[in-house]
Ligand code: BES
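Single chain ahead, written as structure tokens, the form predicted alone.
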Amino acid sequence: MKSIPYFFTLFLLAVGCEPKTMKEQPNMIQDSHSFSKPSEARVTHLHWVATIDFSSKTITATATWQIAAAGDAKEIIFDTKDLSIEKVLLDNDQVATYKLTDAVPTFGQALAVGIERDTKTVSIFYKTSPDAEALQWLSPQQTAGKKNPFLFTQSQAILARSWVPCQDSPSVRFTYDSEVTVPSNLLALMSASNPKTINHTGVYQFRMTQPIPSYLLALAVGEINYQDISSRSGVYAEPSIVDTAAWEFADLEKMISGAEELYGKYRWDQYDVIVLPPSFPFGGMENPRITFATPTILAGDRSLTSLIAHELAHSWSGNLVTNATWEDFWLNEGFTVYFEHRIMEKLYGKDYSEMLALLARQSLDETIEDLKTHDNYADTKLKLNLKGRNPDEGVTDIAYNKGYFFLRSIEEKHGREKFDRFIKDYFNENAFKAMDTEGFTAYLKNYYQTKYSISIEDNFLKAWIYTEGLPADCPQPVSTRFEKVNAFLQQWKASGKLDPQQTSTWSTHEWLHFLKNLPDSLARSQMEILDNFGHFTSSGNAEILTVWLTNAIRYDYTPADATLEHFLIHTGRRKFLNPLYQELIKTPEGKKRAKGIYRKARPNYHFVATNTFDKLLN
């Protein structure tokens, strides 16, 4: 389908001008993960007034939506999940008729609101559930400061509907403004214009003038400080770690400038990062203007900041040009991984980015093998079939790293200069629009044919996008730094000696390559030698610790048992939890142990994580 050019319409609506009728708009994409029917009636601007109540773990709010509807539309449909609807008004004062459908597992309920031909706004008065899936309410003990509670949201993929009634599809964009009331000693932040200091009235005003999809709605409330990195970037974090975070992200402005040199102007005004408490389930979430980040990237040596480069890249790939449905998720993540690697290459050199690419290839190969083993081989296609399924099932290395290697293969086949021009024009010409896989391939083929007289063959696209596994000609990264790690491994295998002088300058990536390529079988004595050499069990680097602890489980290295339990209880990032629980459940004794640890750890996890591990361990 063609992308929808409605950014200008959204702007007009945001300032209160008369909305266009749907007859003047192209058809919207129908998303199987949303009850809404945006081709009949869609939202364009949100005015959200909310009060945050930590004692009841609820949000009481009014969502007033400006809408655009076809002339014959009788209703507008919103996605909701576990929301208590008090009332609905049309144009601020007319009581609306509405109905909620029966709840559907994963997807929640459709809220159908009757509208009239001239209806301009729909106001929904509601309250969230204490168990709202997007909301993580943390007690003071679950924060770094231990004094105040904390709240953060995670809306991707279809969790926004659990805290705001919305048309919860990535193809539907809207602008928004809000007024949020919180306890007077806490700071509130959203994916919008943000304060840098606390307002002791507890009332905060926000505005997002660029249109976004619902999965990029975000809110954080807590004891939070701010430090500038540059005039347009900075870091939010709890007071005890804000200095550490600011030091770790010192290259933030360099990343933004480097990204702009590659693919055009940063269009979101401000770029900040907030380091959340440990229960955040992802490495990062690319909420516009404020990336949500895990504290596990605070490695103390700036070695894990490629994650920030990844989330920054989303300001173009994903936030600017968005996958139309979650079956097209690779368009967000494949482009972002490619862009991330280009940013890291620009800042730190080709061999550094090639280490990242090699680690990505290793992870991709493992994912493909795992999906094949568990009879999910169809999910190794880039274009997924997720109808009736939780779109979270598509969040694998396939979207990220197979998507990356597909784009890299075009670059290598036809030249980087051509590909850079293509990407820059792709972002500019499709800015603030939704794109599906078929629209992308049509754009790609037309661009290369028109600009370069180059034909992108259908068989090439089919092999990458609609076929399981990897094509035989998948690019293979080469890293001289990893070759030195391989030589070190061979030397150890041959002599049994480990020379610390040879590893004194290794980065996190070299250590990961080393740990991932250890022999297939290790004795307890060998694990002890390795641990004494690298001090892995006591490592503060979560990436290294995860790979080491996976080996510790596999080879029954009991000196790491206490570290393993502590790590699983106090870390919420699903990327790290999954391989450890997966390794534990391979034996009956290990599964019993995993369940015991999980009972202690579960209260610290976000719904995104518990939704995965409840199924895995039960």
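Values in this document were obtained by computation on a predicted structure and should not be read as measured data. One-based numbering along the sequence shown.
Below, we refer to the form predicted together with this ligand, which is not included among the displayed structures.
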query: Segment that reaches this ligand in the predicted complex - one of 368 to 376, 152 to 160, 473 to 481, 103 to 111, heavy atoms within 4.5 Å; finding: 152 to 160
query: In the predicted complex, the one of Asp328, Glu333, Glu248, Asp79 near this ligand [non-hydrogen atom within 4.5 angstroms]; finding: Glu333
query: One residue of Gly283, Pro211, Gly534, Pro277 in contact with this ligand, assessed in the predicted complex (non-hydrogen atom, 4.5 angstroms); finding: Gly283
query: Leu364 within 4.5 Å of this ligand in the predicted complex, heavy atoms; finding: no
query: Distance check, Leu530 to this ligand in the predicted complex, heavy atom within 4.5 Å; finding: no
query: 4.5 angstroms heavy atom contact with this ligand in the predicted complex for Tyr448; finding: no
query: Partner contact for Lys575 in the predicted complex: this ligand, 4.5 angstroms, heavy atom; finding: yes
query: Contact set, 298 to 312 vs this ligand in the predicted complex - heavy atom within 4.5 angstroms; finding: Leu307, His310, Glu311
